[in-house]
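Presented below, as structure tokens, is a lone chain in the form predicted alone.
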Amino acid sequence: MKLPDFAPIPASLPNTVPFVGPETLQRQIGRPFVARLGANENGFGPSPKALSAMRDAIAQVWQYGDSTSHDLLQALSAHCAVPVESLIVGEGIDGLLGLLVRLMLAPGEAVVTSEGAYPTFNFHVAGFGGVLHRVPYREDAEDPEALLAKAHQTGAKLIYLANPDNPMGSWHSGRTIEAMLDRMPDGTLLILDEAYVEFAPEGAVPQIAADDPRVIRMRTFSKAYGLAGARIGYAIGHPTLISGFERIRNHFGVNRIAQHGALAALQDQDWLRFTCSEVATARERITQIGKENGLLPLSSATNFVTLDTGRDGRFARALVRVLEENGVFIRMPGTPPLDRCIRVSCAPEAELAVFERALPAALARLR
């Protein structure tokens, strides 16, 4: 008996994933990592109040989550000073990106992104039949001018830009993003990925009206709020665009425990400030370790530091593998010339001390 064929678009795609998870890598090497510094998770953990709220919610896990995320939306509305109608909660930025691409993109329509930028977005575009056009980074940052030029050239429906950026940690001023909106083609939507916005320096966050039809802003509880495993994030956009998500989203996709945890985390801004302070200290520590070992740290507005090896992608990949073999999980950009670098997530001192010991030995082995 023959298995029915896949639909044409999925059938045309490679059987790959954008990231190999640390659990998979641990199974491959046969032991757990001593230092988990590769996924930009928040090793300082979520607010104790968020943990308490999630523990209390466990007894009600037999119930579906609130399909409207009402309480969390009300709290986000107050926190962000935007109307509830301009907000949608979803299964992290990854889930919201997939919904947005499905909502906005017809097969064959053009999308512009940066070569080496967050690859999960590219998977969504390919999965719905879009045509990706990529522009290079400029001076280790996404290039708004090149993105705009390519969008005008291709008639792009969507432009993707992360600010601050992953994988390089760079950022643009809010005024740069605001000026970019004024020069976009008519009918083009900017997807502004602000996963790391809580770590951004003053002046990096653009002042954009919630109902601006030219942009949708994606944010998450995975990074600064320490809830990566809960898979919960939100978007800010024009009410008509936001209402469109109701046509296609999984209405019970955000689980009850995550909703309670995110609400409590949002209400504990003292813990957020503590986390941001710890991340800043950890960035300085990673910077110091990199310099001591002849690597060039790039300025970062995120919870990781990108270290330039001064070599090429082959060397950086070898360094990542050697560190993995010695219990240290890090990652690297996947596209030249960015792949000359490695990327190290901020973490508590004990894990950074492991990295500090492992790095010179790994470099010595390769050299």
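Quick caveat, the model's predicted, so the values are computed rather than measured. Start at 1 and count along the sequence shown; that's the residue number.
Below, we refer to the form predicted together with another copy of the chain, which is not included among the displayed structures.
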Val17: heavy atom within 4.5 Å of another copy of the chain in the predicted bound form? yes
Is Gly45 close to another copy of the chain in the predicted bound form, meaning a heavy atom pair under 4.5 Å apart or at it? yes
With a cut-off of 4.5 Å between heavy atoms, is Ala350 one of the residues that contacts another copy of the chain in the predicted bound form? no
Asp66 near another copy of the chain in the predicted bound form, any heavy atom under 4.5 Å? yes
Please identify the residue among Ala141, Leu241, Ala179, Ala200 with any heavy atom within 4.5 Å of another copy of the chain in the predicted bound form. Leu241
Between the options Ile257, Ala149, Ala280, Val205, which residue brings a heavy atom to within 4.5 Å of another copy of the chain in the predicted bound form? Ile257
Glu115, Arg219 and Leu272 each touching another copy of the chain in the predicted bound form (heavy atom, 4.5 Å): no
Partner-proximal stretch of 132-140, 221-229, 171-179, 290-298 relative to another copy of the chain in the predicted bound form, 4.5 angstroms, heavy atom: 221-229
Neighbours of another copy of the chain in the predicted bound form among 80-117 [non-hydrogen atom within 4.5 angstroms]: Glu91, Asp94, Gly95, Arg102, Leu103, Met104, Leu105, Ala106
